[in-house]
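Here you get one chain, nothing else, as structure tokens; it is the form predicted on its own.
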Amino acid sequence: MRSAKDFFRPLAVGAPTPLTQVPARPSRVIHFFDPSNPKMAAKVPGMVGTVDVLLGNLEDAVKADRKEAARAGLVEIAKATDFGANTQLWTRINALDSPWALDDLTTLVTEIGDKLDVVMVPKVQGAEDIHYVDRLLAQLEAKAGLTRPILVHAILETARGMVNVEEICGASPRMQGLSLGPADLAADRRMKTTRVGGGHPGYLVRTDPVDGDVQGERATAQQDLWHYTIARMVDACAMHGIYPYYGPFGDIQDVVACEDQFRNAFLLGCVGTWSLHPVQIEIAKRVFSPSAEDVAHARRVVAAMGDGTGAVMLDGKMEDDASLKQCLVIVELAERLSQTDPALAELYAVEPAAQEG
């Protein structure tokens, strides 16, 4: 067990000092691309500024015989691209028990560590996985002469990882956040679904029978398979001051269900999601940005509450200090997004009624 006094000390001589607080940078959409695919790679420079995060994927969806090409491709892309101030560069390395993970880290940190913001680690089982990556990154950062630490993002893809979620979140000051990996997690839990995220028509509740007629017409409502998992992930992240994300939604064509799943995650506390196809980018940006109406209402409550004590009546509803805290979440998010998104800055600066007119 590490002493609390040592938690924010570098784990290698010459490594940068760990951060005491995770930067609150917009990351509504983490757009995945395959660096070994020339067509995808050619589109990366044009996407800078249009998405919050561009992630060079080295793991799933990259075949074994393309792993080295993907790694080399990401190095080439990073060196040739100016990502500016508003787009982060992340990567998802291969699983820590794979033949490629060590080379992924040693190559990327020493070659493009100055460009890399976050390393996403798949199939994290417990704090021991984060401790391994933490120490290795510190040694590589020192070797490369980096002046800022690279952060770590873990994917929850196993039942063991889910059980250990709190200790994973608190394992290192490098921890930036967590993402839900629904497909691998479903398999590890032995869930009976072949879908990548989203709901399932068989997971439902049904109203009681009328007059005892169990075969009669009865309304049903589909339930959310991932509600518990996302809520627990959000709590663990909030406890440790890091950020929760929904992961992939595999049905690219069903943009309606995709938006529903993203919105569920947003309302539960997630700050962003993955994008597997360009069609999901605008959905994610829209869903993970508060509406103009919500921002306007939140500002009214903040203004009405004054010093934040007591209670007021606004539009026939009681607002008190708890309401104020909720509204500050919306206002602070709107202000943060407005700093990097001119369209949102304009939208949030105008009252909804004025926009409609």
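Being a predicted model, the structure only gives us computed values, none of them experimental. All residue numbers are counted from 1 along the displayed sequence.
Keep in mind that the form predicted together with a small molecule is not shown, yet the notes after this line are about it.
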* Asked: Each of 23, 118 and 290 near the small molecule in the predicted complex, meaning some heavy atom within 4.5 Å?
  -> no
* Structure fact -> Picking from 183, 133, 78, 146, the single residue whose non-hydrogen atoms come within 4.5 angstroms of the small molecule in the predicted complex is 183
* Asked: Considering 328, 40, 48, 312, which brings a non-hydrogen atom within 4.5 Å of the small molecule in the predicted complex?
  -> 40
* Counting only heavy atoms and a 4.5 Å cutoff, which of 315-323, 59-67, 298-306, 328-336 contacts the small molecule in the predicted complex? -> 59-67
* residue 276, heavy atom within 4.5 angstroms of the small molecule in the predicted complex -> yes
* Asked: Any of the heavy atoms of residue 92 lying within 4.5 Å of the small molecule in the predicted complex?
  -> yes
* Do residue 248 and the small molecule share at least one heavy atom pair within 4.5 Å in the predicted complex? -> yes
